[in-house]
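What follows is a single chain, given as structure tokens, in the form predicted on its own.
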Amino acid sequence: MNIYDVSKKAGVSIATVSRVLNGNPNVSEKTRARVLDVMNETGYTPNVFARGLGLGTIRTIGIMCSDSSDPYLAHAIYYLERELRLSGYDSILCCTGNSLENKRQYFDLLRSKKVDAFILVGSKFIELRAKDNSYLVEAAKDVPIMLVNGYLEGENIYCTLCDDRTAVRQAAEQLLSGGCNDILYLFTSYSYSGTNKMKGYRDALMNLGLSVREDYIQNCPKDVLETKKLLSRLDEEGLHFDAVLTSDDALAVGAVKYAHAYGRKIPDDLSIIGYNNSIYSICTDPEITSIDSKVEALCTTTVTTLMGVFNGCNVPSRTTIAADLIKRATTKFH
């Protein structure tokens, strides 16, 4: 028996059951009595929503990320822990790597600790096959699951997303309008976020009636030197490109290194745009134009939404935040 069974049997929404558990006054006495009767009848004992009744919450949130050494994920962890602390919650962090088996093992470990909710940081926690995400959907019947820049449909699953697709489309459009004709797109993964970024690149070309050349879309490790090697190889093979648009700032740094090594002037011969507006973007000469994916806003919104769930509020299952393009010296447009 879980909160969904209670809501169904009582004929009310999950949010209403949550309000009853939290003693929210915005519930009629008749409805409150019906929900409590169902709980007594079924022997339902609240878990994550027990805070309003003082039934043993540990006021701790489980945070999972794939790689805490990644600058984007490291900043996200910092902002999440800060906001949770301000809200009176502790956190347990697990760095899972990318394998599904490890993700599930760490997830089960946190469940065994009876955490009050999960926050999964980054879109790599959502697998391409629906069946590989079933453990998340099933667990959400008992505990809220929050996704930072990942998307999964399901009851008690809440997603806060950056509009990656629009951000990349607009960046590519600015490159095209600024005179760049051959834009090379570099990406690191086929995650939800990675796929949307690639769609944005394709959108920009198709909206202007231009063909999408598949050899101008290159998968690349998130590594500065590997990116430099890839661009060097493409150059030596005769592929002409006058701009490099990337899904991560580390790739943009690699593009700067390539340009210096091959004598290509930035931005006159080669324009470069990164993604995430991380510390990488200001550590090169010239500094890199980059898309600010608003990691702080994503994290503060995630925690605000979670507190709303705990308090029985009606909160959106999906919140989208717009990105900004931070213009620096690797592009010609102003």
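Numbers follow the displayed sequence, beginning with 1. Treat the numbers as computed from the prediction; the structure is a model and nothing was measured.
Here the subject shifts to the form predicted in complex with a further copy of the same chain, a form of this protein not shown in this document.
**Item:** Region of this chain that lies against a further copy of the same chain in the predicted complex, out of 58-66, 269-277, 26-34, 297-305 [heavy atom, 4.5 Å]
**Value:** It is 58-66 that comes within 4.5 Å of the partner.
**Request:** Could you work out which of R202, K257, K229, R104 is the residue within 4.5 angstroms of a further copy of the same chain in the predicted complex, going by heavy atoms?
**Result:** Of the candidates R202, K257, K229, R104, K257 is the one lying within 4.5 Å of a further copy of the same chain in the predicted complex.
**Request:** Counting non-hydrogen atoms within 4.5 angstroms of a further copy of the same chain in the predicted complex, say which of D215, E237, D132, D90 makes the cut.
**Result:** Of the listed residues, the single hit is D90.
**Message:** Contact with a further copy of the same chain in the predicted complex for A139, defined as at least one heavy atom pair within 4.5 Å: yes or no?
**Reply:** No.
**Message:** Residue-level contact is defined here as any heavy atom of the residue lying within 4.5 Å of a further copy of the same chain in the predicted complex; does D285 satisfy this criterion?
**Reply:** Yes, D285 is a contact residue.
**Prompt:** C220 near a further copy of the same chain in the predicted complex, any heavy atom under 4.5 Å?
**Reply:** Residue-level check for C220: no, no contact with a further copy of the same chain.
**Prompt:** Does at least one non-hydrogen atom of Y190 fall within 4.5 angstroms of a further copy of the same chain in the predicted complex?
**Reply:** No, Y190 is distant from the partner.
**Request:** Using the arrangement in the predicted complex, list in sequence order the residues of 81-114 with any heavy atom within 4.5 angstroms of a further copy of the same chain.
**Result:** Those in contact are E81, R85, D90, S91, I92, L93, C94, C95, T96, G97, N102, Y106, L109, K113.
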